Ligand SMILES: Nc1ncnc2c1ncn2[C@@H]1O[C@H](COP(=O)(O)OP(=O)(O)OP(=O)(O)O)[C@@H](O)[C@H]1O
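Shown next as structure tokens: one chain only, the form predicted on its own.
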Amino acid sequence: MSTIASRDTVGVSIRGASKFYGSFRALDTINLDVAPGEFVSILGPSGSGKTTLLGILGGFVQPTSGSILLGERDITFEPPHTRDIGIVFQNYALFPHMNVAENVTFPLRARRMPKSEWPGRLASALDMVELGGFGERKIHELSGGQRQRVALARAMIFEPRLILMDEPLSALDKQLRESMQIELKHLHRKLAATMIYVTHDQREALTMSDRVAVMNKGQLVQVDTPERLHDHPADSFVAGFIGEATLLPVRRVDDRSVELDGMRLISARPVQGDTDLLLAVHSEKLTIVDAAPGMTNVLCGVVTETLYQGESIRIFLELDRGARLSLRVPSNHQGRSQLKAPGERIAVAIHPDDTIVVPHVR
């Protein structure tokens, strides 16, 4: 039996890709290299250009300028069906009149592959997505998660060199979506395939990706590992988009510290720039402490509200000079013992490693 695997896994190079619609720049000089076997997510809000970029990679949109290389092959103006790319769409794009087996083997028929290869490839693809024995099922008989797996099997069955995914989990409920994120991550490891995944969900991108490319207004803002994106954002857009951060204006004191609300905050990393700086305060990085005179990296204020959110409790504060932020404590016994009622004073500490100062972009 054949096995589904990455055939001659190759990387992708996007070189100076731009797309104009009249005077509107949907993409502005995008440069991105994706290594063979890498999982890269394209992350950004609606209108950031991520879907346009995926369309250019898939051959559904022609760039105004720039080129796309699959390995060393220039595919910029090749039609979609010759690119050797598997695609999983947001709505799955399954044929409702076909059963599972017919849907999955459709790319083999379209590529006129020998029918003698179909049974082995079909069995391998269905086993890969844990749908062995589902070949005769009709699409309407499947759950949302099963339909998503069928779309994945169809994208993999012809052993493409690249797999593109356009928000394939967005229609699933929260619990199933999070479960499928883990499954996709494991599937990527099995295939060792090059995957590019488009999403607007930052938690999804951080969970699955080797690297994340953050887009805003048609431009790549930062390309980095999930951990570095979260802890070392390039600017206020990335800091506000990744994680749960409050952005507060601060005054530069020196190259390692800033001032907020009359308190000095020391940063473990250099403070870049002199003006228009923001402190990115991640709610999970704050710790409730007993304040003492002369302490640095401590902020004091009044509790305005507490929200129980299952695994954690979110506490909202108003600092002494009016700035507002929030922190999270676990909802276990220890976390509950730290709670203060609205109107009570509280002090919170932020470690220098977590004191993130970024330039304000507008």
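Between two forms, the rigid core is defined as the largest C-alpha subset superposing within 1.5 Å. In case it trips you up, residue 1 is the first one in the sequence shown, and so on. The structure presented is a predicted model; accordingly, all values stated were derived computationally and were not measured.
This protein has a second form, the form predicted in complex with this ligand, left out of what is shown; the following refers to that one.
Task: Non-hydrogen atom within 4.5 Å of this ligand in the predicted complex for each of 46, 49 and 90 - done: Each of the three qualifies.
- [ ] Spot the stretch among 308 to 316, 50 to 58, 64 to 72, 329 to 337 with residues whose non-hydrogen atoms come within 4.5 Å of this ligand in the predicted complex.
- [x] Comparing against this ligand in the predicted complex, the contact stretch is 50 to 58.
Task: One residue of 102, 235, 167, 159 in contact with this ligand, assessed in the predicted complex (non-hydrogen atom, 4.5 angstroms) - done: Selected option: 167.
Open item on the list: I need to confirm a contact call. Of 32, 303, 298, 26, which residue comes within 4.5 Å of this ligand in the predicted complex, counting heavy atoms only?
Closed with: After the contact test, the surviving option is 26.
Task: Large Cα move at residue 225 between this form and the one not shown, threshold 2 Å, rigid core - done: No; that C-alpha moves by less than 2 Å between this form and the one not shown.
Open item on the list: Does residue 90 shift between this form and the one not shown by 2 angstroms or more at the C-alpha, the core having been superposed?
Closed with: Result for residue 90: yes, a 2 Å-plus shift.
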